[in-house]
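Take a look at this one chain, the form predicted on its own, written out in structure tokens.
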């Protein structure tokens, strides 16, 4: 049966979308429709059978499938309907949303509010400009490997090289173990491992997996099947025999739908511009989760989704407004890669706000952080070395108290 116009349409059934739906159910929103283009809801965690998911949201250390089951169990309610294999193809002012799927056909819905939670995607080998031959088998991204293992699809070969050392790259080691693969090397172009040093030490010494830092992949060898990779680093050129190569990380927001729909996109995050309540510049359309920036943990994304869901419920109940054109810009200095949210609104201070996501551009000398409103520093943090893959938290209380007459909120390195 085709769906009717819901009070809220959630696009994406990953951690952010499911947590937003849970918040909507808890606040008594009349009708909720969640759609996802995948065959089953849950997002990336459903394909990751190792521990490490949802801690910030559930305060439990769970596997990806267990975290997914918990999220899905929480939204079982007569007011909510979930449609898998259903793609949103356009969002227009109103809002109006075009959907395509086996259960709904081609249909246009007119929900009162929309939450975009389409998550992230990985850039493949070609987008990373890695030279070399083009083997038919054995070149994958993390997501491809995880889905193959979860679906029981044989992974080619037995020896695997991982390109990248952020948190997700280390999860590949566990996925590879489930697939019967042996990881023969990890390659990191930066001078330091992107994830925790203690984790890297365990991998090096306990698992005996070499980690090549300051090193780039300069060639992929093979015809029908990957035969090896050529690397170049501090020790000079070298060849690593392997059957498969997994390119990990280098995530970008899956914001094609938002961008094609005319929603303002931040060129630094490549995701929608939002205020601290998740409102985009299209009235009635909100966004949450890793579609805003890549990449935060599943637990962080769920927290963000829940807060945006609560804000949407307030909007539907008439106690919150749509996008406020008078919101103040939040601007990050060039030393930083990005900051989210990019706008700050003072009209709804009682609503929950999404946590700040701030990242440095590169690893370098220790830098201080200051938040300025006009000429006044409202918060600062001492100089310390920052890592590009680590979120920098900024408390929102000082900003909320001082932003009333501000024209701009500046995140900078100058006190």
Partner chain sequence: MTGAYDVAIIGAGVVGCAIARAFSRYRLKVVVLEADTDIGNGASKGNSAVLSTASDTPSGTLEQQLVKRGHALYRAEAPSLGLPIENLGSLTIAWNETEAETVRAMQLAMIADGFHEAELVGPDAIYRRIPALAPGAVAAVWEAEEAIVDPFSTPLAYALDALANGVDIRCSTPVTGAHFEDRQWHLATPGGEFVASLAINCGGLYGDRVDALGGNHEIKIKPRRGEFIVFDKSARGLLDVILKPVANSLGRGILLTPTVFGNILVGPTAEQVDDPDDWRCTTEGLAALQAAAKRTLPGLLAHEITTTYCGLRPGSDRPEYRIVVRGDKRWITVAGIRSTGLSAALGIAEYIVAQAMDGLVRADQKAEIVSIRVPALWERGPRPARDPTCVGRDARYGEVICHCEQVSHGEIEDALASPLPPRSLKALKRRTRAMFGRCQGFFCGARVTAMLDRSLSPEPRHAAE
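Residue numbers count along the first chain shown, from 1. These numbers were taken from a predicted model, which means no experiment stands behind them.
There is another form of this protein, the form predicted together with the partner chain, and it is not shown here; the text below is about that form.
Contact annotation: residue 243 falls outside 4.5 Å of the partner chain in the predicted complex, judged by heavy atom distances. Put simply, residue 342 is far from the partner chain in the predicted complex: not one heavy atom of it is within 4.5 Å. The partner chain is not shown here, and in the predicted complex it never comes within 4.5 Å of any heavy atom of residue 29. The closest heavy atom approach of residue 136 to the partner chain in the predicted complex falls within 4.5 Å. Stretch 143-151 is the contacting one of 232-240, 297-305, 143-151, 179-187, since its residues have non-hydrogen atoms within 4.5 Å of the partner chain in the predicted complex. None of 324, 213, 252, 83 but one reaches within 4.5 angstroms of the partner chain in the predicted complex through a heavy atom, and that residue is 252.
The listed set 123, 268, 328, 159 contains one residue whose heavy atoms approach the partner chain in the predicted complex to within 4.5 Å, identified as 123.
Shown here without the partner chain, the chain has 89, 100, 101, 102, 105, 106, 120, 121, 122 in 89-122 lying with a heavy atom within 4.5 Å of that partner in the predicted complex.
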